[in-house]
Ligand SMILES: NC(=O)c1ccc[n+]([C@@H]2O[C@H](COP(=O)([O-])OP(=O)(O)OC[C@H]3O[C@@H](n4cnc5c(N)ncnc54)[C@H](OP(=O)(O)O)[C@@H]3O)[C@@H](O)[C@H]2O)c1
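So this first bit is one chain, no partners, the form predicted on its own, shown in structure tokens.
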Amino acid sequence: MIRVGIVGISGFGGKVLLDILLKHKDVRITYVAANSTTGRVDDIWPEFRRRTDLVCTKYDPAQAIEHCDLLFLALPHMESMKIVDPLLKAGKKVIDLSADYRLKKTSLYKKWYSAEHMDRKNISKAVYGLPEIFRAKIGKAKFIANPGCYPTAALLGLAPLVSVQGSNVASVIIDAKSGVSGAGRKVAEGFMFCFVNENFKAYRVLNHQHTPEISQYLGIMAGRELPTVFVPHLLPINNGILETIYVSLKKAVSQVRLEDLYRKFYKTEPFVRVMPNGVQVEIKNVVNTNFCDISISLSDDRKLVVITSVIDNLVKGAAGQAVQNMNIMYGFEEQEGLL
């Protein structure tokens, strides 16, 4: 049994973490905190009444270190880097759900997040927490940079193809759609009901902060930089991401070979489901789960691969994946708390 803390309990990611961890047989939640919200957790999130008597306090590093073996940081970008270093120095394990440690170049962080990184020395210590690709490193890690939601769906959808046929890829276009909870709990006009309901729009076209994260790890898997375009859209739903990914190839491939590649690549993965030929993935089948569902289609000339990938942005795209990483770090059953 390990002692776990959640910093950022008042956000959507923190709420889903709590829901999962309360059902985890190897975990005891001993500390919850937030930047500006305090009080009983079941007052902050009434659905936890009779499930927990935890009280949220303002974050105190001494209390976090005293009461926890591992800390989940479900904080906004640019907040985690203010508190990670003392936790690591105290020998605590950390799983950060923000973007603060995903990018290996601080120049990219400054460009895409418009801020100087305040904890450069710990960037190299962070292991990117995509279990299907980096499981071995995660198992030895003390510090995890949990992937973003859009990158999770994109990288899982593309990993088999770019890892094996990276030299054959001419270009990648990622057409992504997310539910409103992906924007967090903040109050903003663009995310109000009357602006989202019965509406659909692209946003941050060619300028979304997840672009360099996707490019960075696609490059690692392919062994070279891949020309990649990423365009996100806002869906009038609460949870879920669907990405339609168009991969142009230099040389033709066969549908049978593609399907065989994907099935073998994910054969032992507990949370990736590759659909049969002709069956398209749907958001409703992954909401409130840690699954990523993938479909693969091929054009008549066999040089355009269309991959559709779906996840729940708050589960496999955030809290669920974070718990999956914790399970691997501690040698727990990987599916514990997630099924």
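Note that this is a predicted model, so its numbers are computed, not measured. We number the residues from 1 along the sequence you see.
The protein also exists as the form predicted in complex with the ligand; that form is not presented, and the subsequent description refers to it.
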For the ligand in the model of the complex, the stretch among 192-200, 127-135, 98-106, 218-226 with residues bearing a heavy atom within 4.5 Å is 98-106
4.5 Å heavy atom contact, G182 to the ligand in the model of the complex: yes
Check V162 for me: does it contact the ligand in the model of the complex (non-hydrogen atoms, 4.5 angstroms)? no
Mark S309 yes when one of its heavy atoms lies within 4.5 Å of a heavy atom of the ligand in the model of the complex, and no otherwise. no
In the model of the complex, does A154 have a heavy atom within 4.5 Å of the ligand? no
Could you spot which one of L314, V286, V41, I294 gets a heavy atom to within 4.5 Å of the ligand in the model of the complex? L314
In this chain shown alone, the residue from P76, G166, P236, G139 with a heavy atom within 4.5 Å of the ligand in the model of the complex is P76
Non-hydrogen atom within 4.5 angstroms of the ligand in the model of the complex for each of V4, C68 and G337: no
Only counting heavy atoms and a 4.5 Å limit, does any residue of 1-18 reach the ligand in the model of the complex, and if so which ones? V7, G8, I9, S10, G11, F12, G13, G14
